[in-house]
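Below you will find one chain, with nothing else, as structure tokens; this is the form predicted on its own, and questions on how it binds or moves follow later.
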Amino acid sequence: MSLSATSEVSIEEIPPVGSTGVTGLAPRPDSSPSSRWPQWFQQDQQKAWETFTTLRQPKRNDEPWRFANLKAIDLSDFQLAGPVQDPAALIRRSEGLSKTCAKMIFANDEMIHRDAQGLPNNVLLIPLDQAACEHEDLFRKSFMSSEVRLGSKKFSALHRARLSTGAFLHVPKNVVIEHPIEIWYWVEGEQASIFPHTLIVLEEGASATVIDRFVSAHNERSLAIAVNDLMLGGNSRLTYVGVQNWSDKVTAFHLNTTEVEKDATSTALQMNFGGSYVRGESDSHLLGEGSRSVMLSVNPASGTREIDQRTFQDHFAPRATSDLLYHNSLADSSRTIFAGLIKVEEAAHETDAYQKVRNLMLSDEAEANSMPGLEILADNVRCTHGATSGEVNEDELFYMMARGIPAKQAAQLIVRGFFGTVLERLENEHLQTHLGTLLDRKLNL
């Protein structure tokens, strides 16, 4: 096994991709759904396409792409996704939590189902293009409003340029949504590309739980560039869960920006079950005094999968808290990369910030790269960060085998307990149980 924080992976760089290298993703006026969007947004998309084709591909010596497999992000073979063959079948397959208050289902960037009858009348759960037309000021204030700082500016521009639709949730002041909202994003088709987007805006005192589910209809090679914007007003509470279950042939980017105002709490969990190469970027802005951001991730990696995660906990206000806990299990010849920075700005006195990455090594061929970091510009703060890697505890394994549990199952149960400590951070017990069931299924328990 390889546990590295300093050595470089020797991977051949791929050439820059310009407009001639991604013809399958180029704008096609004859089939573009952009007419649903207002004129100003269509102009923004044209500028975003120009940005995408102008920016060069990442190189091996770029710090935000350290250790990454650059061959995996060559997009030249992908094409825009067409309509799915059987939307009704995908709707039937979109079964998650037993109790929700609303559900939206998208397939190849088209909404195929929406049920929001369980929401209060003043809550908006609508397609993004509708929000841009009918709630322009709110949309423009919140949609991709922050700079992309963790390396994927080029791919964020492509997302913006090719965005077709997505989910927009707005919860007014002091409205509490009791049950979770589920949003499904399906991809279907060989070399198909989709661009999921979830935009959540909670006003002061609002509360909601949202689950994004990312699923492949078949075991096909596809591309997904997904973005979520989480905007929390003062004293609001959001629990956001992204359950990624792409096929093992998918290249995926999951790009997040979270903005947390005074006394608000954001809890975000990403569960990566699938994908060939998965790049996750989470940029959390603690903007108000007493704000809190909890960043969680569960990553059972196997085969030749690569999970590349970059994070930023940026404290702007005093007495705010951020708490990051990422757990990776690595089997076969899988690879994980983690690079995270806690930054305490000059005014952010009495900050509490934590960052912990734990790697459970299940194979000698697996490789874990961890690069935690701190930048402190204020006084009187408490910040800790670290990364650990280790194998399955032999005493625990022996104890379970001595009680008749086969070695393979015993190891799986230890892995399940390893991830269970992350799920316990969620306050909703029903949600904990459901996600635990998904994890059991992934681990064949």
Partner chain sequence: MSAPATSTLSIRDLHASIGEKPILKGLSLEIPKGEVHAIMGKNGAGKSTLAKIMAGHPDYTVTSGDVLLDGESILGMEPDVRARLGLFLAFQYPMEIPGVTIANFIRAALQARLPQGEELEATEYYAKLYAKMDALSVPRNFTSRSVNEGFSGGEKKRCEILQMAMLEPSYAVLDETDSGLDIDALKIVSAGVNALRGPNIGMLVITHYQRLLDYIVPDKVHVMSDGRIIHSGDKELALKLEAQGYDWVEKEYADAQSAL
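Residue numbers count along the first chain shown, from 1. Throughout, rigid core stands for the largest set of C-alpha atoms superposing within 1.5 Å between the two forms. Predicted model, so just to flag it, every value in this text is computed and none were measured.
Another form, the form predicted in complex with its partner chain, is not on view; read the next lines as being about it.
I need the one stretch from 46 to 54, 377 to 385, 415 to 423, 65 to 73 whose residues put non-hydrogen atoms within 4.5 angstroms of its partner chain in the predicted bound form.
Partner-contacting stretch among the options: 415 to 423.
Answer yes if any heavy atom of I405 is within 4.5 Å of a heavy atom of its partner chain in the predicted bound form; otherwise answer no.
Yes, I405 is a contact residue.
Can you check whether V392 is within 4.5 Å of its partner chain in the predicted bound form, heavy atom basis?
Heavy-atom contact with its partner chain at 4.5 Å: absent for V392.
Check whether W40 has any heavy atom within 4.5 Å of a heavy atom of its partner chain in the predicted bound form, and answer yes or no.
Answer no; every heavy atom of W40 is more than 4.5 Å from its partner chain in the predicted bound form.
State yes or no: in the predicted bound form, is some non-hydrogen atom of Q409 no more than 4.5 angstroms from a non-hydrogen atom of its partner chain?
It does: once its partner chain is placed as it appears in the predicted bound form, Q409 has a heavy atom within 4.5 Å of it.
Inspect the rigid-core superposition and answer whether the C-alpha of A402 shifts by 2 angstroms or more between the shown form and the other one.
True for A402: a C-alpha shift of 2 Å or more.
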